[in-house]
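Single chain ahead, by itself, as structure tokens, in the form predicted alone.
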Amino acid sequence: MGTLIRRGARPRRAPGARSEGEDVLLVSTSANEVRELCAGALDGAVLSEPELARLLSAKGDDAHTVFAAARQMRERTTGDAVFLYGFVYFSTYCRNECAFCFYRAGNDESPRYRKTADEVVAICRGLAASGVVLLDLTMGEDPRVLADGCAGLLDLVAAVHDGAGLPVMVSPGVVPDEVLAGLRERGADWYALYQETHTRDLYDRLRVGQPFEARAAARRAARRAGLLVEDGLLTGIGDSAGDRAHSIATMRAEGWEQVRVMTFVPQAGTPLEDVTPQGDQAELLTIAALRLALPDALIPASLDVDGIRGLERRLDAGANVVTSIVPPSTGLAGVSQAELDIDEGYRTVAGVLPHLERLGLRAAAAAEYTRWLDGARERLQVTT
């Protein structure tokens, strides 16, 4: 049997191993230890990075123990309510060369488009009518959209806020502080900016040429501007359980309101196109560990990795948001999977509802989501 590493204890490490993020624990984790860690988290214990790494390494029945604890934690915070997010990837042009992304600037195989403001507002109105509670406006770091002080982006956010009547999340990449303030003034509620990994050398290989600290600073600036913040990580890109534990602990320390994880899907025309897919177990365990580490956070189950077939596994791991709901026949693309389940109509509210019902969950109403946002802002005012 392994020995439980208590909070504050120093784990044994492999010779020459670095302290940040690496999978370096040299002891195994028993079923009793997994149960003890889960029980501790449910009792309010703050799990250390080594302890989180143990949960992230769970297998078989031990993994199901972690998932069950995460569902129990979700029940305490949002009950059976699941928030549904509409997704509008309105520009697939990007100035960056991220090694993992289909829409990287140099990828000639990527489909490129820019939706007009009128098109985006019409799509958002349709999504609002279908029953989503938030509109996620996502783009590559499109130089045209970001030109002139991001005037086009600011106008688009205002048009969607006024025209669709729902909370708005914006994912424009790193933008100046004054633009973040402008987004809030024009009606944006959320700023999403994913670090992908909080292990610096791995980050440098993924987000080529993009300073690590610039992304971290942008999220903090967004909070100062009054925006709620989402951070996230990518798994299956050479990361270890220790890397993921480090990301969870970092996001917990920052106190972000929404945190997520997605499994890497190899993309044609990118440096990582030949990487062997790893399956979704690491993603599922990370969702569960996020739930245990950040009980009050919103944690998405994305339809953009496995489509509708993978939704129930992610909800069973403790997620309480469904993201990447995309209306068919609108010419929109996904991020990890450009076409998966979109034109078939599976990535719609109607396509999601039967899966929620089968799990004893339900789609939350817009008023419930507004109350959640109000509570999150009140907590933010207390802590800032």
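Computed from a predicted structure; not experimentally measured. One-based numbering along the sequence shown.
The discussion below concerns the form predicted in complex with ligand SAM, not included here.
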Non-hydrogen atom within 4.5 angstroms of ligand SAM in the predicted bound form for each of 130, 166 and 369: no
The unique member of 63, 315, 352, 335 whose heavy atoms fall within 4.5 Å of ligand SAM in the predicted bound form: 335
Contact residue in the predicted bound form, chosen from 161, 246, 71, 215 - any heavy atom within 4.5 Å of ligand SAM: 215
Partner proximity in the predicted bound form: residue 264 to ligand SAM, non-hydrogen atom cutoff 4.5 Å: yes
Residue 256: touches ligand SAM in the predicted bound form, heavy atom cutoff 4.5 angstroms: no
Non-hydrogen atom contact residue 107 with ligand SAM in the predicted bound form at 4.5 angstroms: no
Non-hydrogen atom contact residue 250 with ligand SAM in the predicted bound form at 4.5 angstroms: no
Partner-proximal stretch of 146-154, 114-122, 95-103, 306-314 relative to ligand SAM in the predicted bound form, 4.5 angstroms, heavy atom: 95-103
Heavy atom contacts to ligand SAM in the predicted bound form at 4.5 Å, residues of 124-162 in sequence order: 138, 139, 140, 141
